[in-house]
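Next up: a single chain in structure tokens, the form predicted on its own.
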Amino acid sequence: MRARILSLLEKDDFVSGEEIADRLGVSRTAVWKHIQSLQKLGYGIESVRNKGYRLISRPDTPIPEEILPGLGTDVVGTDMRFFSRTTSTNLIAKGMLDGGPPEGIVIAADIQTEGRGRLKRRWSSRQGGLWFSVILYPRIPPERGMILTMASSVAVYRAIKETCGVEAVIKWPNDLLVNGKKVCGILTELDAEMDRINSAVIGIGINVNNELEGELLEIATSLKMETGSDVPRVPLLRSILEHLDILYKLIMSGDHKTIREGWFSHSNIIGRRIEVTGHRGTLNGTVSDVDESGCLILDTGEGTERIVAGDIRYLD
């Protein structure tokens, strides 16, 4: 109902409450209540007696009313839920799985109190950033699950460049950096059997306009810090979802090669000397490849190692 009212208010002039009520088949009291609800979401709606209502401003908040209308996607963004404050969008998404939510549903939050990254590391999720998850049902084997993270990384890279002109670099396995500092993290969580992935929850956190403090300033940055001004979040999220939809359809068609080529073109890891720390300890070497499963192929000088997971540090 709120989306339909917004559609009626999109013209520049006033629209009477009576006209809105007649067009939507509801009472004028119901219209007034919905107008109040929209105002609480941040919409600037002017109300003038004997004239009606006029939309004068829209919020830069990732709510369904701003993200879904006109979104040019087939799968990603079929539906959306928004929370002004929640624990973690990935936790909410995983809790929804038993109910069979539609593929592509987006869960977004203005603030996360328990945001996390890989290895359950805490992720600061203050107001002003983009914190959201997408539920997908990919028909691919578990060993190819990394392709989902790769596609998400490419989608975020392209959207950031498209909407605010910032050039990021994809860092294996799940980060995007700007000027050597982390601006985005991606956490992909799978529910899988031996031969197939039943569901995937892709959590994406982007420092957009949120404030960074203390030790975070040494390792992280935000798009606002890089551009010198606020970055609109609504067009950024819409762009991410549209790019991810395109890439996900490539995955579903079996075209993983295009995803990998896009990932490599936005990453600078091949040929780099790195230090990687994982469950097997610390290894140094030169990256010669990232294989079909998303694993690093590391030339240590004494042989070749296949790195499934770990933290890397560039040595050159």
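Treat the numbers as computed from the prediction; the structure is a model and nothing was measured. Residue positions are given as counts along the sequence shown, with the first one as 1.
There is another form of the same protein, the form predicted together with biotinyl-5-AMP (BT5); it is not shown, and what comes next is about it.
Colleague: Could you tell me which one of D191, E162, E143, E114 places a heavy atom within 4.5 Å of biotinyl-5-AMP (BT5) in the predicted bound form?
Modeller: Filtering the options by heavy-atom distance leaves E114.
Colleague: Using heavy atoms only and a 4.5 Å cut-off, determine which of A155, L223, I204, L148 is in contact with biotinyl-5-AMP (BT5) in the predicted bound form.
Modeller: Only one option qualifies, and that one is I204.
Colleague: Can you work out whether biotinyl-5-AMP (BT5) is within 4.5 angstroms of a heavy atom in all three of S88, W123 and G185 in the predicted bound form?
Modeller: Answer is yes for this spot.
Colleague: In terms of non-hydrogen atoms within 4.5 angstroms, which of the given stretches 98 to 106, 227 to 235, 67 to 75, 168 to 176 touches biotinyl-5-AMP (BT5) in the predicted bound form?
Modeller: Checking each option against the 4.5 Å cut-off leaves 168 to 176.
Colleague: Does E218 reach biotinyl-5-AMP (BT5) in the predicted bound form, with heavy atoms at most 4.5 Å apart?
Modeller: Outside the cut-off, so no.
Colleague: With the partner left out here, check for me: in the predicted bound form, does some heavy atom of L212 sit within 4.5 Å of biotinyl-5-AMP (BT5)?
Modeller: Taking the distances in the predicted bound form, the answer for L212 is yes, it comes within 4.5 Å of biotinyl-5-AMP (BT5).
Colleague: Considering only 47 to 72, what residues come within 4.5 Å of biotinyl-5-AMP (BT5) in the predicted bound form, judged by heavy atoms?
Modeller: Read in sequence order, no residue approaches biotinyl-5-AMP (BT5) (within 4.5 Å, in the predicted bound form).
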